[in-house]
Every structure is written in C-alpha cells, then in structure tokens.
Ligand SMILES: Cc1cc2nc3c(=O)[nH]c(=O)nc-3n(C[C@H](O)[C@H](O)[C@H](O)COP(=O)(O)O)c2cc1C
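Presented below, as structure tokens, is a lone chain in the form predicted alone.
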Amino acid sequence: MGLKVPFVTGYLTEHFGDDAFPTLEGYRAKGGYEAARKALGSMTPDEVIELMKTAGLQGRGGAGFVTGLKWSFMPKKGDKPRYIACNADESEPGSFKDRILLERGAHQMLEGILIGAWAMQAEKTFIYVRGEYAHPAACVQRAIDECYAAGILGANCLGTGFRHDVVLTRGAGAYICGEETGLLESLEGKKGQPRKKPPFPAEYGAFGMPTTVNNVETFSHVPHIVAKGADWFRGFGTEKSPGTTIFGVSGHVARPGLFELPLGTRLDEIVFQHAGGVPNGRKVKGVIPGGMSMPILPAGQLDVAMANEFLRERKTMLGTGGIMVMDDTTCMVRASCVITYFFRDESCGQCTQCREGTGWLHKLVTRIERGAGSIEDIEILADVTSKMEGQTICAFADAAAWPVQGMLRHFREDFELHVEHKKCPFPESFEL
C-alpha cells in the first residue's frame, strides 16, 4: 500500500512505510509486544502508572491532560469491572493523524491499550472509531483478530493469566462524540451528548462502570515509554511537553502531509520547511495551529514553539496538532462562515448558550460576509462569544467561540472592510 503523503517520521511512525508493519508478524519483527510482555511480566500496575507520570506523557487528543495522572484516578478497589475507552473519533476539521495510526500502526495502539489495561486493571476496552473511518476500522479489527488468535488478548494475555478484551465500535458521524462523555453516551446506544460532571468517567463511565478515556496517539506512545524509559521520552520535546506528536498540515502549502516532530518545534519551521511553504508566490495570512476549534495566529506570530505552554501565551492552543494554512487571498470572514456553519450544525443542542450561540455566530458572520452587516454586528459577534465561553456542560461552546475570537483579535479589519464596502473586498478568495 505504502504512504502517499509527504511524511516526516519519528519513533511512532518510523516503520509506517513498511507494508508488513500493520500485520502482527510485521509488528513483532520490529519488537512489537515486548513492552507489553515487560509491563505485564515484571512491573506492577502502580509501577507502570508511576512511569507514565515520570515520563510526563500528555494526552494527544486535544486537552493535554497528563496520562499517568489520569490513569491513577481509576479506583483500585471495588467489585465493579473497570473499562477503558479509546477515542478514535477523529472529527476535528484539519486533523487526520489518528487515521494513519489506525491504518498503519493498529498493533502499536493495541499494545499501548494492553499496557494501560494492566496499569488500571481494566478488563475491557472499547475502541470508538469515527463513523466515516471505514477502512481504518477494518484495519483495527483485523489487528484485534490477530491478537486474539495469538493469545495476546483474551483470557490469558501473553500467558500471564491477565484477562483483557477489546471491542471495536463505530460512531455515526457526530463531532460531539469526540468529547469523552458524549462518546460514552453513544457507546451505550444513546444520543451522543455530553454528561454533566461530576461524576467523572473514572467514577461513572461506560455502562455506569469506572472508565478511563484516552486518545489513539496517547496509547501509541505508551509501548515506547515502557521499552525505553521516561528519560528517553523526555529527551524529545520541551520540559513541560515531552515527546513527539504528529502534526497534520493542510491548506495553502506546497506539501500538505503528516510530520512527526518533537513538541516545541516552531510553527514557522513546520509550515515553511517541512510543508514547503505557500505555493504560487503567495504569502501566509493566518494559520490555525491545532484543528479548527483553536484560535488563528497571524503571519507575524508563527515564530512560536508548538507546545501548549508557549501557544497559550499567544491565546491559542496545540489542540490536535492539525495545522491549517491560509494564504493572503483568503477572506477571513468567509473562513469564519465555514467555521461557524460547522459548529452550528454539530452542536448537540443540550445547552442554551451553545445551541443558540452557535446559530447566532453563523447568522451574524453570514450577514457581514454578504455585505449587509454593520459595525454593531461585529460588536455583537464579540459579545456572543463571551457569553458562550465557559458556560456549558462541555467545551463545545468554547470550541465554537474561540476561532471567532481569534479572527476578531487578528483580522478585525477584514470584517470592517465588509461593512465599509458592503461586499467582500477579497476577489481572489475561495467561494462559499
């Protein structure tokens, strides 16, 4: 099959160009499942959790919570079964790294899941795959079947007497099910909408049982940490954000693709060196650094290290690492129309501020884009976002408000020009 996109590899992806690697035989030929054998055979569950804490692995799904700390929340006592949910519902626009991990590294993820299951003494994992990911889901199911046939999963994992089962389930295309409790609701066959917290999933998760939710890439790092140690892992990235991550670059670049690089790599290096810069002699106008829900950065602020501790200083975040590049032909009001339409369409409607706020954002931005807006509309736009942020059950309303806030912070002039000229003043921009 081979890889058909530009690719920079690191320890997660170094063997992804080998067509045998997705198979159990190919994965084992590269040392696969030796880390799981080490963890289950010679480490206690608490030792695995402490290793993850020392390594400082942050969740790669967007929130960036410390993995070892999250695993430690799983109750150690009680008669309820413990579960894991692997979030493979990669629905953030601009994000496509989990897809390659599912297609080319399913066994790597499964090994991380098995190690996590041992650490938390979980008896079952539910892998929740985005509904549109039919081929990636098939790759994962094939890997699961191979593991059962080889005795890696099931009643006697790797001959250790530890039991762990893995079940794959498909979503139905709802963005909101990428939120961990929305995922759990969908997993149970209910409408995919987030739960009020507390109780948190570690106390009351899938089917009412203690559950830990982690992302595909998060689990994929785990075998490497067990095999090579916390100090090795901390040799990549920054002090607060160790390790590598896979950046997906799309938009107006010469080489859109996937690039595994240390956290802390500068955004301008990724855009201009690895992704080849903007084609056709155009200049960068703005870059969304971490998937569509993250606030945009203007061209003058791309000299930033791609790690949350640095991006927060510029009022944005790493998110999923989905970098979206827009050149100087782009109308940021039109871009905002696309963004607000998506969030209006994907809101589950449970919270008033989100249900009504996302609709208002799209209505206001659309009115400004077609030349019928006023300066007052721009002020109302900012006011609506301020009343959405931090006011709802989950972070969806924040995710809808932040990109608009970023556009107004850095490209307010685009909005004012629409009001002044009563039409879009960027004739070369993409069409809606």
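Keep in mind it's a predicted model, so treat the numbers as computed, not measured. Residue numbers here begin at 1 and follow the sequence given.
Beyond what is shown, the protein has a form predicted together with the named molecule; the following relates to that form.
> Contact check in the model of the complex: 89, 175 and 178 versus the named molecule, with a cutoff of 4.5 Å between any heavy atoms. Do all three pass?
Heavy-atom distance to the named molecule in the model of the complex: all three under 4.5 Å.
> Let me know the one among 63, 29, 380, 69 whose heavy atoms come within 4.5 Å of the named molecule in the model of the complex, would you?
Here the answer is residue option 63.
> Just to be sure I understand the contacts: of 214, 220, 336, 125, which is the one whose heavy atoms reach within 4.5 angstroms of the named molecule in the model of the complex?
Checked against the cut-off, the match is 214.
> How about residue 59: is it within 4.5 Å of the named molecule in the model of the complex, going by heavy atoms?
Result yes; residue 59 sits at the interface with the named molecule in the model of the complex.
> Any chance residue 43 has a heavy atom within 4.5 Å of the named molecule in the model of the complex?
Residue-level check for residue 43: no, no contact with the named molecule.
> Find out whether any non-hydrogen atom of residue 395 is located within 4.5 angstroms of the named molecule in the model of the complex, and reply yes or no.
Contact check for residue 395: yes, within 4.5 Å of the named molecule in the model of the complex.
> Could you tell me which of 90-98, 226-234, 305-313, 138-146 sits within 4.5 Å of the named molecule in the model of the complex, going by non-hydrogen atoms?
Within 4.5 Å of the partner lies stretch 90-98.
> Counting only heavy atoms, which residues in 146-173 are within 4.5 Å of the named molecule in the model of the complex?
Nothing in the stretch sits within 4.5 Å of the partner.
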